Each structure stands twice: as C-alpha cells, then as structure tokens.
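In structure tokens, one chain follows: the form predicted alone.
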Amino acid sequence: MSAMETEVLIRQHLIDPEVCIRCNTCEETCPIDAITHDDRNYVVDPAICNGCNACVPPCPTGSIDNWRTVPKSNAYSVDDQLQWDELPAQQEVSGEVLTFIAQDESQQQNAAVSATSVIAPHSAEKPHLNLFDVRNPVTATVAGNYRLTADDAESDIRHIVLDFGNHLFPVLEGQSIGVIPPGVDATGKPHFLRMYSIASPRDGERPGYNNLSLTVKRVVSEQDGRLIKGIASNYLCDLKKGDRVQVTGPFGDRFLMPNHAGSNLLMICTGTGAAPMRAMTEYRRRLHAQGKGVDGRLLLFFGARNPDELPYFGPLLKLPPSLVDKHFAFSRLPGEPRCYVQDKMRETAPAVAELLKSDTYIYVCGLKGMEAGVMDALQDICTTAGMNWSALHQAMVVEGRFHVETY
C-alpha cells in the first residue's frame, strides 16, 4: 500500500450498552460535550472526542472504558451507536496505523482533575463491585414494602426490603444496585436497569440477615393530558412480599463513609436522596449501641415539601441529638415562607463552620437543583467564619472528603 493509500486508524471510544446504568455521570463529566444519549443508549461522538479520558474514572460500572481500532473514515457514528444492544467485536483492520486520537497536556490535566474529584475517604471499607450484571443478574426476594409518606401525601415513597437468600451480595453505605424491570419497551427490547441507592447499613436492613433496603419514589408525570408512569419506580412500588426481583451490582466505590475514629459527617439531602444518609446514620447508631462509637459528629440537613412527604421523618425524630444533629427544611408549609436546605445551613452557620474546621466529610444527595444553593451556602458560611471555601473545597475533593450524587 502506497503512502497515498495508507489508511488512517483511530482508537474510537465507545460505551458498552449492556453494562451502562444510564447514570449520566459521563455526559456531565465530559469537558467538551462529546457524550450524548437518547432514551436507550449513551454514546460518544467520534467527531468531538479527543481521548482525554476525563469521563473514565467517575464511571461506576466501567462501561465507559471500551475502545475499538477503526478506520477514521468508517468510525461508528452516533446514529450507529444509538441502535446498539451490545458492543461490536474488534474487527480486523488492514493498512498502517498513521494516527490515533491523542491527549495533549491540557487534556491530561482534565482527566487528572476528574480522577481526583471522585476518590473515596482514605479509611473507607473496600467495596465489592459488579458481582452481577445484566447478563448474569441475581434474584432477590421482596421481604417487605412499606409506604414512608402519609397516605394522603402527594408523594408515594416506599421502603423496600430485598432478601438475597444464599447469594453473596455484600454492600457498603453509599453504594447502589441496579434493578431490571420485567417486560419490554415500545420497541420490543428489554427494559434497561435503573439504579437505586442502598438505604441500609453494611450488615443489612435486619442485622445478620442477607438483605438490604431501598428508598423509592413512585414517578408519575403528566404529558399531553396523559399520566406517564415511571417504568422501574412503579414496578418497585407495586411489589408484594414474596415477589422476585432481578438485581445487578453492587455499584459505587467513591460515595462511601469514613471508618476512622473522630470523622464527622455533614449530610445534606432531599427526598429519596435520604437513602445513603439513612444507611450511614444507622451504621453509626448501631456502632454506638454496641459500644463501638467512632466519636464523630453527624449533622443532617433534610429537605421536603412538608413533614408528611419526608421519608423516615418519624424514626429520625427518635434519634437523640447526641447521635445526630437534625435540621429539617420544608418548602410547602401553609402560611409559612419556603425553606430549603441551604436556608437551614445558613441558620446554623456556626455549627457548620465548626465542622468544616475539623475532620469532616460532606455528602450531598438529591435533586440536582439543590447543588448550587448548597455550594452558595457553604461559600457564605466560610466567608463569615473567615475561611476560604474555594481552597477548602479543593482540599476536601483531593482528600476524598467531598461527595455529591444528584439526579
């Protein structure tokens, strides 16, 4: 083959549709908007991707870490990838490798920043990951399904307990599982799995039993005058005791709690974002009950529209202040101004600032709209206390002490 005929080959970045849990982390992380999605697949645009790898470290499943050597003139298009149910095999390619997508120095720095932004606490337990996938899910049995919100509340939020029987399924606080709804979608293809945060401690919803719990909100929306039900959430909320569920995972090796003595937890959540916070709080409560307390403080800011729609409200009220300092923010109380978690944080600024000066780990979980308000509140609190939030935030990220999971 002459120089004029030499084929240009690239190392094309692809996402495995069988493993991907559609969490949107890669699309949010990509610094050049090379990743997009439809209602089935997340894909990488070869015309934009520069191989910086910024999206690789945050992926909880490893589905993002796939590559194929292909002719540049015949790369898999976005439209091609959106139709896939599985990755294509590596094809034999002929000709000379003239070039590959490469990283420049700035792109390497982007990838490094991404990697350091998602590390786990140094004392976190080592998690088990990806023990079961969509090709080989584990079957769990429903041990209980309990409504957490008041019967007349608009939000139907459930506490669902899954029992894994003799199947080994070890989890940690802050991890998630994937649930595969039965049936097929409008195109006749099996439903994709949905990911849910675990709401129970590492030793199970019931200590000593091989089970875990989820916090699930029934999703119902209106579109063109029709009620649209969320496939996975309605499937889970309708489950009865004894029903069987197909589960994948566990997922997540970063949003984990520290295990060393003296570590404080600053937890900020809304709605079902309470799931990992409940798991962490309950684990600390059990340690204290066993006389194994780690001597760290817990400070919780929890937001909902009203008390009837705040999951675990009753049990939380029973927890002593010596275990967790609780602050509730309600945005829809009749006759009262709207209050959000960032407002409660500002009201208790001295307590927040005191924690930020010590060995504290921050966890934020809930609707994505809360992020900006929480960050602004932390900035204001630090400024008032004579602290540099920008520098502190950067240090906490590098040290694995700042964690955000929003949706």
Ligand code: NAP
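It should be emphasised that the depicted structure is a prediction, and the values quoted were computed from it without experimental measurement. Residue numbers run from 1 along the displayed sequence.
What follows is about the form predicted together with the named molecule, which we do not show.
A.B. asks: Could you work out which of N211, T272, N264, N145 is the residue within 4.5 angstroms of the named molecule in the model of the complex, going by heavy atoms?
C.D. replies: Comparing distances to the named molecule in the model of the complex, the residue within 4.5 Å is T272.
A.B. asks: Which listed residue (T281, S200, S197, T248) meets the criterion of a heavy atom within 4.5 Å of the named molecule in the model of the complex?
C.D. replies: Spelling it out, the residue with a heavy atom inside the cut-off is S197.
A.B. asks: In the model of the complex, is there a heavy atom of the named molecule that lies within 4.5 Å of any heavy atom of M370, even though the partner is absent here?
C.D. replies: So M370 counts as contacting the named molecule.
A.B. asks: Any chance T61 has a heavy atom within 4.5 Å of the named molecule in the model of the complex?
C.D. replies: No, T61 sits far enough from the named molecule in the model of the complex that none of its heavy atoms falls within 4.5 Å.
A.B. asks: Heavy atoms within 4.5 Å of the named molecule in the model of the complex: does H122 have any?
C.D. replies: No - in the model of the complex, heavy atoms of H122 and the named molecule never come within 4.5 Å of each other.
A.B. asks: Might S331 be said to contact the named molecule in the model of the complex, defining contact as any heavy atom within 4.5 Å?
C.D. replies: Within the cut-off, so yes.
A.B. asks: Of the listed stretches (68-76, 179-187, 303-311, 284-292), which one has a non-hydrogen atom within 4.5 Å of the named molecule in the model of the complex?
C.D. replies: The contacting stretch is 303-311.
A.B. asks: Would you give me the residues of 383-407 that have any heavy atom within 4.5 Å of the named molecule in the model of the complex, in order from first to last?
C.D. replies: E405, Y407 sit within 4.5 Å of the partner.
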